[in-house]
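Just the one chain here, the form predicted alone, laid out as structure tokens.
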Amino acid sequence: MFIAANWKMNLSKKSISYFIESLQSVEFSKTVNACIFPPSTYIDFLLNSIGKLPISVGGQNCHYELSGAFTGEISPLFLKDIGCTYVILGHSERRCFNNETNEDIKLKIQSAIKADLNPILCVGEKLIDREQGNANKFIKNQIIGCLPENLDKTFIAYEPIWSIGTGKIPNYSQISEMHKHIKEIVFDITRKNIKVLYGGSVNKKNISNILKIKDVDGVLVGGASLNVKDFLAIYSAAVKHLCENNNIEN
């Protein structure tokens, strides 16, 4: 089970310090992996603050080249060098606001894999695609356009664009159907299985039900991950879910 906390362009050093201090007394489980994706300027600060806590740190984006004359960009090698384990790529906000194409994202994923990072490929449809019954086709085209040559380190996060930050989520059967659809697409192409996360208005109220959905292997959390109490509530729900389903202790 994987819990990914995408802080986007939020939280200051003071806020991050408070967040991490609040985690020091928490007893973490070996059954749930957690990773925080802070703004790039605070990656090193967060890593130093985390210390021995069993939490990974990742980047919110990286460049498709490992080095070169790319002012303001971040090489995946730099992320790896300072201690990152994961990187989010293809997020809808990058696609919309930075005009990133499937080809751009594929190159970034392949570059991240070369740097020994674990990419999280984000895919998701707009509301019009969902309403017109084109969601499955849209997602298939995104995956085919972005899928790297080497899939071993890659996750996919399904984030319907119309659900991000709106408080609205697909119904549970729609989430299950899409996650199954994504896994089948990837298997048909690569003959490999892949972990699929759900993202889009995940919070402490709906997390337990989301985790019960078949083929959901974890969540990518946005706004709810900025509050340490909400983050811990989501993490605890994941631990409880695994314990109940596998009959194990925390």
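Predicted model only: the values in this text are computed from it and were never measured. The first residue of the shown sequence is 1; numbering continues from there.
The following text describes the form predicted in complex with a small molecule, which does not appear among the structures shown.
- You can rule out all but one of 50 to 58, 180 to 188, 27 to 35, 193 to 201: in the predicted complex, only 193 to 201 has residues with a heavy atom within 4.5 Å of the small molecule.
- When the small molecule is considered in the predicted complex, only one residue from Ile164, Leu147, Ile113, Leu77 comes within 4.5 Å through any heavy atom, namely Ile164.
- The small molecule is not drawn, but in the predicted complex it has no heavy atom within 4.5 Å of Ile207.
- In the predicted complex, the small molecule lies farther than 4.5 Å from every heavy atom of Cys62.
- In the predicted complex, the small molecule stays beyond 4.5 Å of every heavy atom belonging to Glu125.
- The closest non-hydrogen atom of Gly223 lies within 4.5 Å of the small molecule in the predicted complex.
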